[in-house]
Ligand SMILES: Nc1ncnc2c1ncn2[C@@H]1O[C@H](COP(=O)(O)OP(=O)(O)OP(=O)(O)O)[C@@H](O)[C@H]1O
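Below, in structure tokens: the form predicted on its own, a single chain.
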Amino acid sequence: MMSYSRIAAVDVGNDSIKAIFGKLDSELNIPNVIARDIEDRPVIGIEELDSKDPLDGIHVRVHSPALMDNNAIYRIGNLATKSNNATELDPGSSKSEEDQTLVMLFATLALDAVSAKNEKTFPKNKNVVDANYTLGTGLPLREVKEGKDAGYRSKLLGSVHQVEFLITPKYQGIKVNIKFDEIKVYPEGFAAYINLVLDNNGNIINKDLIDKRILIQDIGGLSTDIAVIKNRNVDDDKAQGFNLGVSEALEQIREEIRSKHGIELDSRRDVVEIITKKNDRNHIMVRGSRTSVHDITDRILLDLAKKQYRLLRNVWQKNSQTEICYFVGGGSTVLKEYLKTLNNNLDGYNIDFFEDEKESIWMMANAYYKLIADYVKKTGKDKESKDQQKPVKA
């Protein structure tokens, strides 16, 4: 039987993991939260397990030589947020060196591999699925500049990584063996530029940007990348990565809400929803009463926005002929109004945001997809169809 390699574009973000598969036929968005567990966790209504959404009950054992803590059992995503020992990526950590990054990556790929629509792609034999992927993913610019992308890639290639679904709806007892035919690790700032100027077929969609000198400030959970673009290329020497993201501020907001109002929020994602929701923004329910937390969120987020604005000012001064800066990433969505206010009151730089929050949040995954699909097309590795992406022209 001829093995088939499926395209996977995966953004392991601090808040959640975003992944796009195949011919844009499937996507997953899972909170980046894990909790170590024991195998016989209690399940309420176990007889109804198969009627529940697998994404609400991801319970797996992960075996991989790439992991420091091998063969451990985890609750992942929504299920993990309900655990007392849930962990999220810590500020100051390196994404490429954390077991949590790999556990989330493997679990996401395994969920794609076992879904019904992929049974023809990856045949299941005695509850074992052998899945091959061509992966496009990324790391913060700071880690790429330190050469950590090579180590990250090498520990994934050439090994089999197994995910065993334990008490997971629909998939209990299935094992997925994951192998990678190829892995491309892209700097996050460069990926943002690709997403701005190209569509999924490699065609230029933003001709106005092609020959402009622009900055792209990508604010993530743990880091911020500022890409410097000129002459259709990312200037690797001038591009900078900073160890400053929104996760620490979100954790501080979460702690102050707990301290002041006695409300326990499950994860940083809950904090983001309070800050960005359309109705009753910056309000929570306290004993059934609608209560403002504006005083907490405004103080903490304005302080972070000032730090982000200083980064912009410093990079712009070193690249004085810049014409516009685009703010992207989940952190930009959280800080947008604060950054706009600061800019109006201070320097008045030409800056822009994406009004569509989903577009901003999915930007990295979309970019990785465009890049890895183009690689597959150019190398002739696309076995599924012959009318795939055209070569990237930018």
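Here the rigid core means the biggest group of C-alpha atoms that line up within 1.5 Å when the two forms are laid on top of each other. Bear in mind the structure is a predicted one, so any value in this text is a computation, not a measurement. In this text, residue numbers run from 1 along the sequence as written.
In what follows, reference is made to the form predicted in complex with the named molecule, a form of this protein that is not presented.
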query	finding
Among 239 to 247, 315 to 323, 162 to 170, 300 to 308, the region lying within 4.5 Å of the named molecule in the model of the complex by heavy atom distance	239 to 247
Non-hydrogen atom contact T276 with the named molecule in the model of the complex at 4.5 angstroms	yes
Touches the named molecule in the model of the complex: K95 (any heavy atom, 4.5 Å)	yes
The named molecule contact in the model of the complex: S223, any heavy atom under 4.5 Å	yes
A192, heavy atom within 4.5 angstroms of the named molecule in the model of the complex	no
Position in contact with the named molecule when the complex is considered in the model of the complex, options I76, I219, A110, L139, heavy atoms within 4.5 Å	I219
Contact residue in the model of the complex, from V272, L198, V228, V144 (heavy atom within 4.5 Å of the named molecule)	V272
Residues from 306 to 342 in contact with the named molecule (non-hydrogen atom within 4.5 Å) in the model of the complex	G329, G330, G331, T333, V334
N243: Cα shift of 2 Å or greater between this form and the one not shown (core-aligned)	yes
Flag for Q308, CA shift 2 Å or larger between this form and the one not shown after aligning core	yes
Did D225 shift 2 Å or more between this form and the one not shown, C-alpha, core superposed	yes
